[in-house]
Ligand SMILES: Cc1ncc(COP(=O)(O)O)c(C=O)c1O
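Below you'll find only one chain, the form predicted on its own, shown as structure tokens.
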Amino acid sequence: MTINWDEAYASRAGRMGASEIRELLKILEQPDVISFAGGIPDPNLFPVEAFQQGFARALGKPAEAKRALQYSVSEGAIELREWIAGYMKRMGVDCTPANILITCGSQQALEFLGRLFIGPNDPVLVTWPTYLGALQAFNAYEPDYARLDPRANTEIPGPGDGTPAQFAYVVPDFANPTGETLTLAERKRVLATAAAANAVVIEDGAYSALRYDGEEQPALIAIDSEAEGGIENSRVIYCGTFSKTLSPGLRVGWIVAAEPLIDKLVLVKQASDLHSATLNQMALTYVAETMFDAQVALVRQAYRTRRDAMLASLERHMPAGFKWSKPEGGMFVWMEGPKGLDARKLLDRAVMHDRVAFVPGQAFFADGSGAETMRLSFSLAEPAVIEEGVQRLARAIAAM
């Protein structure tokens, strides 16, 4: 008898779905398509020579090579955690390596936190829209999403109101997908909302290093740690990554939080993949120690130029009825069309006839709304290509 796989899965498997972004990345294989779809770092900016030196150093001496190629501790390489502790202190967060867990990118961090905190029908606070990868990480654990609005008081379940909210998830700097940055007042409102419900806050800092202009804002974990007398009393869990600054391919991210939570997450890490690749961590530590600030300055300049090019092109070519964000950093511009626009149908038309791609915004809404929205990434294209791509998109809109 042939097995029916759909009947064999757990009920939560029904909430798993393909990432529209990952599917759209296949379009990049078609050389005539201009893609504003994936939020992908430009590989021409990767510090290749520094990584060659980092891997050579990790493998150059027998003792180091044995360590690099052997099983290791689940917490992560101590030298990398020490570097991250210093980096977090520059952000105003006084922590030690004991407050840090190395993960396989920040995506694994989100999956671990979903696994640890979410039970079926537990309320989880997210912004409308929010990062698609976070929704995918959380969906398998069957949450009920509630809307977090940093610009207004959010009424959410709290102690004594039935099932309390488990956590609030937020990308405070140059958010994916909107490109928006929370003000200091909005950051404090998020913390107050979570405190009122006795919920934790997951702070996704994936884009925090990519500021091009405007006033830098403190991390939520820095605000809360200062207010509560240290990181051990903070309700904030910070997720960081090297994917947007040094390399996405090495898959190295981190979690910073109070020690009791890190201890619990170590158990999750052990059950998942034992530990992140030691060789990658050792090479990345070398690159971070020798040129992190210089690399950040390089990518900031490149992406600032591309952001400016996209905003100028949109201003020149978009028809009436469209509006878009003007991000101070990150990789994305968020665009809203007039009511009635179906961005998914527009994408079909744009790819087939005009050879330009973007991400329809509906996938970023927990309730499936936002049909008239779209996310445009400017990180991968040079200004001349951005100009041509925006013109193509405008033609597709006109044809619709």
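The numbering used is simple: start at 1 and walk along the sequence shown. The structure displayed is predicted, hence computed values, not measured ones.
There is another form of this protein, the form predicted in complex with the ligand, and it is not shown here; the text below is about that form.
Shown alone, this chain has one stretch from 261-269, 85-93, 277-285, 235-243 that lies within 4.5 Å of the ligand in the model of the complex by heavy atoms: 235-243. A single residue from the set Ser74, Gln107, Gln295, Ser313 has any heavy atom within 4.5 angstroms of the ligand in the model of the complex; that residue is Gln107. The single contact residue among Arg189, Arg306, Arg251, Arg211, judged by any heavy atom lying within 4.5 Å of the ligand in the model of the complex, is Arg251. Using a 4.5 Å cutoff between non-hydrogen atoms, Asp204 counts as a contact of the ligand in the model of the complex. When contacts are judged by a 4.5 Å heavy atom cut-off, Asn176 counts as touching the ligand in the model of the complex. Contact annotation for Val171: at least one heavy atom lies within 4.5 Å of the ligand in the model of the complex. Within 4.5 Å of any heavy atom of the ligand in the model of the complex lies no heavy atom of Phe167. For the stretch 116-134, the set of residues having any non-hydrogen atom within 4.5 angstroms of the ligand in the model of the complex comprises only Tyr131.
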